[in-house]
Ligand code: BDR
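In the block that follows, a single chain appears as structure tokens, in the form predicted alone.
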Amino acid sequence: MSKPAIILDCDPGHDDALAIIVAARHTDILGITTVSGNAPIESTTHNTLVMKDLLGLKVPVHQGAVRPIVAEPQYATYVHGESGLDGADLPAPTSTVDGTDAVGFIIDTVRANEGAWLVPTGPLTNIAMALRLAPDIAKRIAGISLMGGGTFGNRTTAAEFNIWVDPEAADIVYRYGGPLIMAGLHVTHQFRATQARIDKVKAMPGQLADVMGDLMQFFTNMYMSRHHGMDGGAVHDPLAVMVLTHPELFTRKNAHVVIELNGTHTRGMTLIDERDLREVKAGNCDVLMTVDAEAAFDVMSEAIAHFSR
């Protein structure tokens, strides 16, 4: 099976870093674009360049949106630390960005590569702006596979962080009209970096395994300090990649999903219509429901080992 061609749009972020590794191993990365989210844009771009160098990738990196379309910027330093990738001794990047117009890069690359996937693992600002500026790309892409939303929230009771940061962008993306796959919290919380899984990575030889073992340990420690009863950090973002490369690891349900923009307590909520009624609108999203976590972690671990030298 040929590797899917993707543009990875991300805000590293510990789990974004792991998504980059899985994508480097199992997809044809046409480029990586960065967005403000887990940390400010300068940090998420810096962290992307660090990962590019650690993996020896020869792919363009384009810096994107500094802030959401409407809302004020918000960051997840309470999970990822001030740098966005706290917890490891990271080498300074030698690579530099190839441009600072991620939206333009997305548009041009999609037009030049019919059938590519967009894989956003952060707030959806860049993707939404590209769809607004160039509506033709909606018909040119294979689809959008995103990490966001879910049947419950984490930043608020109702809203997951990526959607909550820029609900207006999410609204545009969920209404774009083409294939859409959603890896929400209800599935990503099944995919956890338990201590046993972290120890497997730490036991691997090479620089990347050392770095990722430390990053995963920091991430899991932060998660467990903030949650009751979780045995490891939820490694959200790689699932948006793996559903394209290893779809057999997932179950999914097609449903109509909309974004709440105005609710006092529900702004940023993904409303998944699961009613068994004839009046329910046709599905616009494949909602991932379950993942074979052990097999998926093996895929991720093998990708780390492949690049660790």
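This structure is a prediction, so every number in the text was calculated from the model and none was measured. Throughout, we count residues from 1 along the sequence that is shown.
Keep in mind the form predicted in complex with the named molecule is missing from the figure; the text below concerns it.
Of the candidate stretches 134 to 142, 156 to 164, 191 to 199, 88 to 96, only 156 to 164 has residues with heavy atoms within 4.5 Å of the named molecule in the predicted complex. Using a 4.5 angstroms limit between non-hydrogen atoms, residue 128 is distant from the named molecule in the predicted complex.
At the 4.5 Å threshold, heavy atoms of residue 76 reach the named molecule in the predicted complex. Looking at residue 170, you'd find every heavy atom of it more than 4.5 angstroms from the named molecule in the predicted complex. With a 4.5 Å cutoff on heavy atoms, residue 209 does not count as touching the named molecule in the predicted complex; it lies far away. Shown without its partner, this chain lists 33, 38, 47, 270 as candidates; in the predicted complex, only 38 has a non-hydrogen atom within 4.5 angstroms of the named molecule. Note on contacts: among 180, 116, 185, 103, the single residue with a heavy atom within 4.5 Å of the named molecule in the predicted complex is 185. Applying a 4.5 Å heavy atom cutoff to the named molecule in the predicted complex picks out 236, 237 from 222 to 244, in order along the sequence.
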